[in-house]
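Shown below, as structure tokens, is a lone chain in the form predicted on its own; questions about how it binds or moves come after it.
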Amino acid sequence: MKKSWTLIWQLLVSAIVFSASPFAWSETPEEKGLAIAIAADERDSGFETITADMVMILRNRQGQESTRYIRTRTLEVEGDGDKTLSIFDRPADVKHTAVLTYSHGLEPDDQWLYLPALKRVKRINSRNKSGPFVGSEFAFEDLGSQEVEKYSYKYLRDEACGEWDCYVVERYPEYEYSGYTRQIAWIDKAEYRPVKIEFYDRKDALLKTLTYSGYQEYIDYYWRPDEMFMENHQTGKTTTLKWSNYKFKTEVAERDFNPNALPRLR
């Protein structure tokens, strides 16, 4: 998620976000919202690669559960969005399913899905990214790295969020075919960790809420949650992602982040 921001722009961001003097800068809510987004992005840059294991728990309105086990790999790309690879291990009916995402800014993300039952790689059309990811409450567009350029922003207020103090920022998708009119994000002031995000559908009704918990710090810098919980308020369904075995700056095979490689990944 590294961006080619100029030194002047970075200094401007620092002046807006970190200044202790209320008279140091009189920014608009839009300028402050953008500054917070840039600061959060810069705070999470430089990891190079990440690998992790994830358990996905799907619950319907009646409380019935199904569970999937997934391995993930992320490759940071200079000057563009990250490349993310997810490989399903269990249960048997989804084993070896793989999803590859190339995130971008205003350009549509590139995304491919390998379905072992069909033995073919399917490119996901940008118009379809508001649809559910393998039956979960996460949409395909939720999975790519959240590049700053994908949204416009508006700072709303400061607010307590559990044990932390948060910025509350509204963001509006700038890319075509999004399933959302807007999102409201709670970002903690200390480390710029997302705490909660509300998603509003195309009718501007609250669709779902994503909450993060169990944050841990890795290699003395990067923060990641142990759990992400997505609740769909309109269907009553939920999806929980439980993360473990985070590893940063590890060697990954760049050739695996190629659509043609998806059928051979194990």
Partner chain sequence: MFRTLKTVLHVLMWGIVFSPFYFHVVLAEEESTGYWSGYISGQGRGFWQSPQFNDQRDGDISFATEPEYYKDWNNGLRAITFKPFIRIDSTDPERTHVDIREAHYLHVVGDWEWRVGIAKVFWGVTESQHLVDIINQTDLVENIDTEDKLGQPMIETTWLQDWGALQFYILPGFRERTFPGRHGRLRTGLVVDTDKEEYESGAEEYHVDWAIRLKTQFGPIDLGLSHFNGTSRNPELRPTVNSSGDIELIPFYGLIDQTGLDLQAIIGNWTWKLESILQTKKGRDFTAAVGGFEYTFYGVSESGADLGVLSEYHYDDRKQDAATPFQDDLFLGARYVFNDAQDTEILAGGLYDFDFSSKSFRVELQRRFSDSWKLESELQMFSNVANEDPQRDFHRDDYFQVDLAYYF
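Residue numbers count along the first chain shown, from 1. These figures come from a predicted structure and were not determined experimentally. Take the two forms, find the largest set of C-alpha atoms that superpose within 1.5 Å, and that set is the rigid core.
The same protein also has a form predicted in complex with its partner chain, omitted here; what follows describes it.
- The closest heavy atom approach of N258 to its partner chain in the predicted complex falls within 4.5 Å.
- At the 4.5 Å threshold, heavy atoms of L58 reach its partner chain in the predicted complex.
- Interface membership of I124, defined by any non-hydrogen atom within 4.5 Å of its partner chain in the predicted complex, is confirmed.
- Interface residue remark: A160 is not counted as part of the site for its partner chain in the predicted complex, having no heavy atom within 4.5 Å.
- Only one segment in the set 108 to 116, 149 to 157, 187 to 195, 164 to 172 has residues whose heavy atoms sit within 4.5 Å of its partner chain in the predicted complex; it is 108 to 116.
- This chain is drawn without its partner chain; in the predicted complex, the residue among S26, S213, Q216, T67 with a heavy atom within 4.5 Å of it is T67.
- In the predicted complex, the residues of 93 to 113 lying within 4.5 Å of its partner chain by at least one heavy atom are, in order, D93, V94, K95, H96, D110, W112.
- With the core superposed, K119 shows a C-alpha displacement of at least 2 Å between the shown form and the other one.
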